[in-house]
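Starting off, we have a lone chain in the form predicted on its own, written out as structure tokens.
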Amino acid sequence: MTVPIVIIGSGLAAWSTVRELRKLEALSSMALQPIILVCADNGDFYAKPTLSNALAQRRTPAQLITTPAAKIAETQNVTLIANTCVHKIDAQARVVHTDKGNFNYDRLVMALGASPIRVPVAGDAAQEVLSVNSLTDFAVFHAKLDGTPKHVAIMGAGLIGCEFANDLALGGHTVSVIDPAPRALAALIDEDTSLALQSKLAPLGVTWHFGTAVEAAQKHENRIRLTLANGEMLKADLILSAVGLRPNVQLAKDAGLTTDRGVVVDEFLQTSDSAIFALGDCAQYGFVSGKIQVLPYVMPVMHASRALASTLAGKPTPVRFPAMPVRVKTPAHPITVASPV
């Protein structure tokens, strides 16, 4: 019996790799390689970028699903092991240990994604701070908004923070954005563009609080009272943290793989173990422009998945990243940022 390819994850990186491999197999009349896909959620396929522009479009969490898990697994001839926690990877024995059994692999693909960075906040409402990094997260956030106007405080004026600010404002909510930086998207765009974005969002109900951060969140009269580092006080109904993502590397690290900010891979997306590959938000591309980079964007995932599929199909193919501009989904003032590589 052929030992399968095992993929851990169910996001764009995981399902795109499956789809690209199946395309190559069909074009070359190859026999289908068995694939087991193990994921912590139910495996439904959706476009993650839609999470930060769904509110203005009045789209529910269910409406963001483009292909249900059962359908994509059947179509792509994949054994889906959903709602499953991976406890350990035994790289020497080539076994993935999960709470639903152990799975041998011929090759392993780590599409582990990244998790929201949580900054410390004092106070009895600290646990009320939300993050939206998955469809499940969005469903929780959507339910708390409850279709009624709210005042939402957003921690972070980066790409995701600004996208949510625009989307919430268009959805009828009032927004306060708090960031230690001096302006919006400070790490990505120039000052004039930042000021233009801020001026376009302000009339929609977005206020900006720069050069400070949330120190404490206290429950107060069915709302949340925020104390900022500069002494300012704000009241909000919800707090959304959008301060960035941290690649999920613990599984790889525990398996003895080389990790840094992410799981370090070469141009073939191969880790320090020849049978294990990584791509997407968890991967760290040490060969890009002579710099070590994590590329948490859609286009790098698409290019990486095509190259990896070719390698898995028996034709080792290095990934080559072309110019890949990043579009900031702020319809009040659309912005395209230069390629991250």
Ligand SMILES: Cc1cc2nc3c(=O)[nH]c(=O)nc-3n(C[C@H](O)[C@H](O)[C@H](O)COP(=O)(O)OP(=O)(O)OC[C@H]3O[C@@H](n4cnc5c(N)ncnc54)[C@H](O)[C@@H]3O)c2cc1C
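Just so we're clear, the structure is a prediction, and the values are computed from it rather than from any experiment. All residue numbers are counted from 1 along the displayed sequence.
Although not depicted, the form predicted in complex with this ligand is the subject of the following passage.
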{"item": "39, 281 and 298 all contacting this ligand in the predicted bound form, non-hydrogen atom within 4.5 Å", "value": "yes"}
{"item": "This ligand contact in the predicted bound form: residue 8, any heavy atom under 4.5 Å", "value": "yes"}
{"item": "Any non-hydrogen atom of residue 189 within 4.5 angstroms of this ligand in the predicted bound form", "value": "no"}
{"item": "Contact label in the predicted bound form: residue 303 to this ligand, heavy atom within 4.5 Å", "value": "no"}
{"item": "This ligand contact in the predicted bound form: residue 113, any heavy atom under 4.5 Å", "value": "yes"}
{"item": "Contact segment among 23-31, 306-314, 61-69, 273-281, judged by heavy atoms lying within 4.5 Å of this ligand in the predicted bound form", "value": "273-281"}
{"item": "In the predicted bound form, the residue from 163, 267, 215, 128 that sits within 4.5 Å of this ligand by heavy atoms", "value": "163"}
{"item": "Position in contact with this ligand when the complex is considered in the predicted bound form, options 229, 196, 251, 238, heavy atoms within 4.5 Å", "value": "251"}
{"item": "In the predicted bound form: members of 39-75 within 4.5 Å of this ligand, any heavy atom", "value": "39, 40, 41, 48, 49, 51, 52"}
